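Single chain ahead, written as structure tokens, the form predicted on its own.
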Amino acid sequence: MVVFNNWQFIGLVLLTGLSFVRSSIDADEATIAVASNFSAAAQQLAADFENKSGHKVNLVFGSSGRFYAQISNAAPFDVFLSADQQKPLALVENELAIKDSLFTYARGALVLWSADSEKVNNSADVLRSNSFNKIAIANPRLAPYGIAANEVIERLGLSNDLSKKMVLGENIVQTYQFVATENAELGLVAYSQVFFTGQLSAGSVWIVPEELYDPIRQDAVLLNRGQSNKAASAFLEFVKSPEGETTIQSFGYRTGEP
């Protein structure tokens, strides 16, 4: 047991107080705009980052297109985790984000999913059979997962057969909801929405081979507002660290080059 005299104790209290003040001064707070499809993974990343760093991050979820418009109109975000590559790159080109900070933090994967445990037989056979009324995909004009879904349908040669059966979601979250609520029997949705720690949560699925669609690369970028924000820069470094990549992979995303 260590025993302090009065002066030593007072000195220790002062030193502790100064350390606390210094820690508080060093800590920053950042606001992160996050594509809605990445919400669960982002929440885990943020919790782990805050525990390790002492910084604080505020996560805001929504569609990448909406965030792009808001950032272009001076919305107070420090970091942008997009569902695609185009919008962060456009922000860099418009001098609203830091070029050297741009990187791909995740690659999405596409699956054909049904809430019915017997509907999809781990193949594209159900699509070719045409034995269903509706298939949900994200709107290709708004969502990268929708572009990928269109590519799958085209490369399978089923565009004409399925055109009248498509239900378009505003984003991949709404697309998933159409299938989960059985308003559509099938949907081309994100792997991360139906698999948890490698296990299918419900229903039946076909993991779409990656050669049937172009990579769904999701890019992150430091925005001009966050350039001098220690929490913003540190959070991006944490996302691309080995620990961050492991967390991202655990939510059903790929990292690194295909």
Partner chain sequence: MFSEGDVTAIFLTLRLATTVTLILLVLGAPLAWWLARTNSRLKGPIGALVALPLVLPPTVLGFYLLLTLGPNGPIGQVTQSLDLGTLAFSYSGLVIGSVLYSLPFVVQPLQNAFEAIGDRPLEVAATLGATPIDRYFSIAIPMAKPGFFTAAILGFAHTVGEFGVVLMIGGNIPGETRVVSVQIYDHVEALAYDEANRLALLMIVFSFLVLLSVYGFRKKSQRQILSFGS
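Keep in mind that what you see is a predicted model, and the values were worked out from it rather than measured. Residue numbers count along the first chain shown, from 1.
What follows is about the form predicted in complex with its partner chain, which we do not show.
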{"item": "Partner-proximal stretch of 97 to 105, 151 to 159, 135 to 143, 121 to 129 relative to its partner chain in the predicted complex, 4.5 angstroms, heavy atom", "value": "135 to 143"}
{"item": "Position in contact with its partner chain when the complex is considered in the predicted complex, options Ala40, Val60, Leu200, Ala69, heavy atoms within 4.5 Å", "value": "Ala69"}
{"item": "Heavy atom within 4.5 Å of its partner chain in the predicted complex - residue from Val111, Ile147, Met166, Leu89", "value": "Met166"}
{"item": "Heavy atom of Ser117 within 4.5 Å of its partner chain in the predicted complex", "value": "no"}
{"item": "Interface membership of Val173, its partner chain in the predicted complex, 4.5 Å heavy atom rule", "value": "no"}
{"item": "Proximity of Gln85 to its partner chain in the predicted complex, heavy atoms at 4.5 Å", "value": "no"}
{"item": "Contact of Glu93 with its partner chain in the predicted complex (heavy atom, 4.5 Å)", "value": "no"}
{"item": "Non-hydrogen atom within 4.5 Å of its partner chain in the predicted complex for each of Gly226, Ser241 and Thr246", "value": "no"}
{"item": "Its partner chain in the predicted complex - contacting residues of 165 to 192, heavy atom within 4.5 Å", "value": "Met166, Val167, Leu168, Glu170, Gln174, Gln177, Phe178, Thr181, Glu182, Asn183, Ala184"}
